[in-house]
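Below you'll find only one chain, the form predicted alone, shown as structure tokens.
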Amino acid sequence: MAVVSRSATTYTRHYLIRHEFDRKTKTCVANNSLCYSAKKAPPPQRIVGGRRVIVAASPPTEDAVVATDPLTKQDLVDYLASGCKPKDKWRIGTEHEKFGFEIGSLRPMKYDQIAELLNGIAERFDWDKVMEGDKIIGLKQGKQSISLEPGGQFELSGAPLETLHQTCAEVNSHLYQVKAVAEEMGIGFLGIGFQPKWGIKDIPIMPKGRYDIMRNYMPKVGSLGLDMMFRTCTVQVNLDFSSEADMIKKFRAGLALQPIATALFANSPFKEGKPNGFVSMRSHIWTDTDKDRTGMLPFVFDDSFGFEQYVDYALDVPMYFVYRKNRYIDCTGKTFRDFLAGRLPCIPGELPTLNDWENHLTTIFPEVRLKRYLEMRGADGGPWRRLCALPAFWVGLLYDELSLKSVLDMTADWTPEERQMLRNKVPVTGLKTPFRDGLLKHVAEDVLKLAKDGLERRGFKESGFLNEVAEVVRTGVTPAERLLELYHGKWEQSVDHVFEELLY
């Protein structure tokens, strides 16, 4: 067990991870989620205590390091602050989820089929396998990863990229690879925000330890948490900030406009074969999942807000688990503040590392989430063109100073009650939601123009990626409402046709 002193470089002392890798099978072993192919350039390394170790931080991780001093709250604040980057280093990270299904029966993919698909992609396209015990649970290639959500939703977490052209090329490459293997298996993928046909009892459960803990805990804190886990899909974009002040501006703009993104990408109007009363049921589900870790975070708009205030919030969010010795230990009901003080009954006397903190931050689900970057989390999953439009929307608004300032000016007098009203009503009424003297559609028109102008000023010819949502704004008709028109008309009230309409 390597030991490093307090004087070691900040943020690496808790991230020195032993690299265990079977070169014959190109498989990551010992349940470590960090995988690298022997054919690729090795990841950053340091010599610690005479050993060569990998420097990385990809949860869930275990520490091969004992820090000589306990973590303090200031360490947690500094961890978030370490995400600050100069503008020329800002990148775009896009994540999207999709439902796999058997083309013949339309039933969800079973885990055995998912394992076959993952193994096929790994062998054909040179991805490294991520294992939990003897089960394959994901893939990694460079800075991209493929992972499984609780019900088998297939997720690509893209690499941090410089332009939207690169982002869309990454999405296209991923879908090509997945389809190349899946079609041979009779498997298709559906781009939608909520499982349109099948009940929870029909959804397979993935063999991931953290999901067992969440599945047991969710019904204790909300009525829709299991729906969130097993029947929703999203697309999100992860964006950088240059300073604490820049983070605050982007966080506030993102929260204020998240309901507009929800409306533009609303794409989950069906449940178990029938209309569910929402344009974005996925968004509605988050309102009754777990109020301790979701929502619009009104404190972000307080004058005192900054990294420290977010840390105070996260410290008091109940924990799910701690990851030790290749297993997830149930720590539900206790907070990270308890952990910081050494008061976790599930691991008596142990103190947290920054890896534990990083893992904990992934279990908090507000509409905008802060890690060492900001995650925009309000959009439903959808067809591939909208996967490129979502990052375009937010990059145009948040990566351009003039557009960001205009958004902040536009939303400066929105009250907490108005922001919450939009959050509650948009999943039902979309762009037709009344707001002040008009409809949300009219606000969306101004916002879309700001996004387009921001992209044009970036100079990469990226504004065309907004075309997919421009028609939504022009008509005020969300993607979900178009699906409902088809359902009540051409589809003769059969939701099965959505599997063809939104097939990747």
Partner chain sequence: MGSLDLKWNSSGCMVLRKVESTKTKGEDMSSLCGSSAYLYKRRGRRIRCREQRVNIVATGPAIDHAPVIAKPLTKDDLIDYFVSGCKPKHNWRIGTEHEKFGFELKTLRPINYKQISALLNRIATRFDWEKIMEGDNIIGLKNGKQSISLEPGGQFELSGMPLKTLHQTCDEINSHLYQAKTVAEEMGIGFLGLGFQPKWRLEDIPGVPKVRYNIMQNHLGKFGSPTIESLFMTCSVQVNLDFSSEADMIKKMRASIALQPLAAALFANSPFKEGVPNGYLTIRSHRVGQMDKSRAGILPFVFYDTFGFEKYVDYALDVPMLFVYRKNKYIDCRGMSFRDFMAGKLPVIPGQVPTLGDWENHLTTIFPEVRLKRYMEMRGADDGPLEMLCALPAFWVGLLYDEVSLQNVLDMIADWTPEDIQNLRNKVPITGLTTPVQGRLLQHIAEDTLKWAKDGLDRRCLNESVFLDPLKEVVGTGLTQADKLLEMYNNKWGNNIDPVFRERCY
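Computed from a prediction, not measured in an experiment: that's the story for all the values here. Positions refer to the first chain, counted from 1.
Although not depicted, the form predicted together with its partner chain is the subject of the following passage.
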| item | value |
| --- | --- |
| Stretch in contact in the predicted bound form with its partner chain, which is absent here, among 347 to 355, 87 to 95, 129 to 137, 201 to 209 (heavy atoms within 4.5 Å) | 87 to 95 |
| Contacting member of I187, L297, C168, L224, with respect to its partner chain in the predicted bound form [4.5 Å, heavy atom] | C168 |
| Its partner chain: the contacting residue among N216, Q74, N172, T332 in the predicted bound form [heavy atom, 4.5 Å] | N172 |
| Partner proximity in the predicted bound form: K461 to its partner chain, non-hydrogen atom cutoff 4.5 Å | yes |
| Any non-hydrogen atom of Q177 within 4.5 angstroms of its partner chain in the predicted bound form | yes |
| Y373 within 4.5 Å of its partner chain in the predicted bound form, heavy atoms | no |
| Interface membership of F125, its partner chain in the predicted bound form, 4.5 Å heavy atom rule | yes |
| Partner contacts for 284 to 320, taking its partner chain in the predicted bound form and a 4.5 Å heavy atom cut-off | none |
